[in-house]
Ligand SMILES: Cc1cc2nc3c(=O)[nH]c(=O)nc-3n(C[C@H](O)[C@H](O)[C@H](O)COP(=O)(O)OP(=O)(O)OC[C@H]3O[C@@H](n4cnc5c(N)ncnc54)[C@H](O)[C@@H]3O)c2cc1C
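Below you will find one chain, with nothing else, as structure tokens; this is the form predicted alone, and questions on how it binds or moves follow later.
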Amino acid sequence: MSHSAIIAGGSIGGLFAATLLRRAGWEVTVLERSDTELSGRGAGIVTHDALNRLIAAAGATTDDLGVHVEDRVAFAIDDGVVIRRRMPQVVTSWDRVHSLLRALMPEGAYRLGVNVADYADRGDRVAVRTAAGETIEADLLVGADGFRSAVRGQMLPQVQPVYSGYVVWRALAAEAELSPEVRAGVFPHFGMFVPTGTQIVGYPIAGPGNDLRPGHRRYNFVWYVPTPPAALDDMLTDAEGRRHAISIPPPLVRDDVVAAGLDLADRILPPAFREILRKSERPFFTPIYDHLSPVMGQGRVALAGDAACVARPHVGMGVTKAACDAEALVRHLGEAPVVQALTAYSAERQPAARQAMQIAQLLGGMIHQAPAGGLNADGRSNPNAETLLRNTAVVPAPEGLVPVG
């Protein structure tokens, strides 16, 4: 007997759920609110063994997935090396992973421009109503529609994103545009700058079209900047005076907000990172939030990925967490009827989501910690530098942070 599923959200988490369900014999329809194909603006992703395994399990290739980096390096304010550790890893882009999974969806199974308005769990089936008034029924609804999930909003209206107190500025710089010194000393590594009060993470990713040739790649720049709520309100207000809730589309970030960010960078960042930022495409910012759903399955409705939990990007687990959610969901659906399967799925994945969120909060909190008797403005005396180097963008161990020393 065939089963059917509706996936709300056509981002990477929704595509993992869709492709794995299809391989298990389910009929799947993905409803994506955007009316154009999604693009992550080349945002970087750090891969993990679990992510690589599940890309292959979905039916895609992991050949030429991204750029191999060997070392993690913490830099000082003068571009000097504070710590260097060998930690091989493959770094890729959001667009690369999304395009691999999107290509697996057959014609008609992935519908653009369809916004989920609400749903009705009828016990034996679940009915989804779209914003256009269409009703679609299936055996299962998976809410994979991001941290502003409409599905979660109905299931768990009390779960709201909570602002962390800081934002992340992101930018991409073309390798060919960088100076020979930066290309040799910074570009090849998973780099960090960890003074008190701010933090940089950066690494090389493929160029447009997954171009992995040296000289054609890009540098993924990530900069965490504490921002009081009042300042955030101003940053989320566009040039027309509209205050955007939660986040603002990158093209609508005001020019003076971008200019203020660049001016701050000129005052407090090392020369290499200042150059990378100045030679990047137009930077944009995203406020950092936390949220965690107490359950990830209710009746015939499941939550997955950012719809269920947002862990701050320090753990680099957003895409991998969504993939692992999808794998667990499909596994449990293969072992029990839908309602019982979702109960088991929630019992397995909600604690994992909680741990990722808590580890990310610990790492985020280290941005503000100063060494005894100093401010660590130069990035040379951060008491947590080794911890940050070894735990950023690493799958959390069962016991929590990887010990150092």
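Residues carry their position along the shown sequence, with the first being 1. Since this is a predicted model, take the numbers as computed values, not measurements.
A second form of this protein, the form predicted in complex with the named molecule, is not displayed here; the remarks below concern that form.
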_Is it the case that Asn391, even though its partner is missing from this view, gets within 4.5 Å of the named molecule in the predicted bound form, heavy atoms only?_
no
*Does Arg170 make contact with the named molecule in the predicted bound form, using a 4.5 Å heavy atom cut-off?*
yes
*How about Gly297: is it within 4.5 Å of the named molecule in the predicted bound form, going by heavy atoms?*
no
*Any chance Ala17 has a heavy atom within 4.5 Å of the named molecule in the predicted bound form?*
no
_Candidate stretches 250-258, 210-218, 137-145, 273-281, one within 4.5 Å of the named molecule in the predicted bound form by heavy atom_ = 137-145
_Within 4.5 Å, heavy atoms only, which of Ile55, Ile45, Leu65, Ala341 is in contact with the named molecule in the predicted bound form?_
Ile45
*Though the named molecule is not shown, can you say which of Pro313, Pro204, Gly191, Pro195 has a heavy atom within 4.5 Å of it in the predicted bound form?*
Pro313
*asked:* With the partner left out here, which residues of 148-166 have a non-hydrogen atom within 4.5 Å of the named molecule in the predicted bound form?
replied: Ala150
